[in-house]
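Take a look at this single chain in structure tokens; it is the form predicted alone.
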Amino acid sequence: MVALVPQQPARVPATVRRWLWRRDWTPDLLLAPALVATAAVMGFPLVFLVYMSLHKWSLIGYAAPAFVGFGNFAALLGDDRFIQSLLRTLYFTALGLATNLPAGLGIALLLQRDFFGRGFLRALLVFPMVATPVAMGLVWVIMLDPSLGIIRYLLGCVGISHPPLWLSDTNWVVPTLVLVDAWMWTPMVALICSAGLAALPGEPFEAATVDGASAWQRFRYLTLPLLMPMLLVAAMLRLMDLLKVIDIVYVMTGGGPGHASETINLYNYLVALSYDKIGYGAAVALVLFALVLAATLGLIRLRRAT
């Protein structure tokens, strides 16, 4: 018979005990309530969303949720409307980034020059951002009206008498929505880039000018690499907004014509609240959450690498 010797519990190293004893825990104790509240506010909705996505749930008749496991996610793979809305969201996001970032950087470079009215122009850039997206969407619907809108009148002044049906043509509706979104949020990119340009050191540019570098060479080899961290911050902020866009799409087109402008967030809203498929809508929301999280983490890693 072999006698069983009870194992002694692992002891905390003396250095760790001394560190714990000498550490000032006052800041941690003061921050603890806020951290707990933040974790509860952010954690509970996510956990409950996962719970809903695993059930078949309808609010009509207040029926009890029926557990279906990953049935909602399996149904998404065969849902052509969901797949099209996902691809359309990616197209909308890519087109939005390709519009916002170059335009915002160009405006920021313009504002770096000294010219009359520069301060007024900077103040003017803030107005689209502070306007309510729903109200601005309605204004743009009126402006783009094919019979009464001012856009048609202005195009007619330059010889374009038959412009596209901006919000009724399936080929033009998404680019039109991207342009409206760019009008509202490109100024934010411009302000971020302006702050980055103001913080750039002047010595490398002076040395490059003395060495005979052209304006394009200074921009290509100095301005752009030094400004890249700020551009990635602007891209991350715009990426999250573009993937989640719903307000201007819902107000201006409602997802139409047909489903030509229906984004994944709008589809999620319609499925959950209009079609009363709460569990299915929760599964769509989790896919959107994973998409936004993956894209954001990718940009964060890219920023750390620059």
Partner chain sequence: MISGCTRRDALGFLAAASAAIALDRPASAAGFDWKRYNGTELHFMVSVHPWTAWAQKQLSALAAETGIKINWEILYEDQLRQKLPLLLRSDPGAVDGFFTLPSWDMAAFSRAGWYEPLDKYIHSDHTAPGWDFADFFPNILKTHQVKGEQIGIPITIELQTLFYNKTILAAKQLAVPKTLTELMAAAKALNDPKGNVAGYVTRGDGVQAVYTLAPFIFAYGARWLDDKGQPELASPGFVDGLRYYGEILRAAGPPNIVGMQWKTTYPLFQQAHAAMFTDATNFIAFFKDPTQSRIVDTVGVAPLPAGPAGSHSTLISWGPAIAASSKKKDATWLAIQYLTSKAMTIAALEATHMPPSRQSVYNSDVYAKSVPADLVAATKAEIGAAVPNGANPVVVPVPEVRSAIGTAIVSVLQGNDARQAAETAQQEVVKILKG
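Note that the structure is a prediction, hence the values are computed from the model and not measured. Residue numbers count along the first chain shown, from 1.
What comes next is about the form predicted in complex with the partner chain, which does not appear here.
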{"query": "Every residue of Val141, Thr170 and Ser274 near the partner chain in the predicted bound form, heavy atom within 4.5 Å", "finding": "yes"}
{"query": "Location of the partner chain contact in the predicted bound form, chosen stretch of 142-150, 82-90, 198-206, 104-112 [non-hydrogen atom, 4.5 Å]", "finding": "142-150"}
{"query": "Among the candidates Leu165, Leu125, Met136, Ala213, the residue which, in the predicted bound form, approaches the partner chain to within 4.5 Å (heavy atoms)", "finding": "Leu165"}
{"query": "The single option of Leu59, Ala39, Ala32, Val50 touching the partner chain in the predicted bound form, heavy atom within 4.5 Å", "finding": "Leu59"}
{"query": "is_contact(His259, the partner chain) in the predicted bound form, heavy atom dist at most 4.5 Å", "finding": "yes"}
{"query": "Heavy atom of Val68 within 4.5 Å of the partner chain in the predicted bound form", "finding": "no"}
{"query": "Contact of Gly254 with the partner chain in the predicted bound form (heavy atom, 4.5 Å)", "finding": "yes"}
{"query": "4.5 angstroms heavy atom contact with the partner chain in the predicted bound form for Ala63", "finding": "yes"}
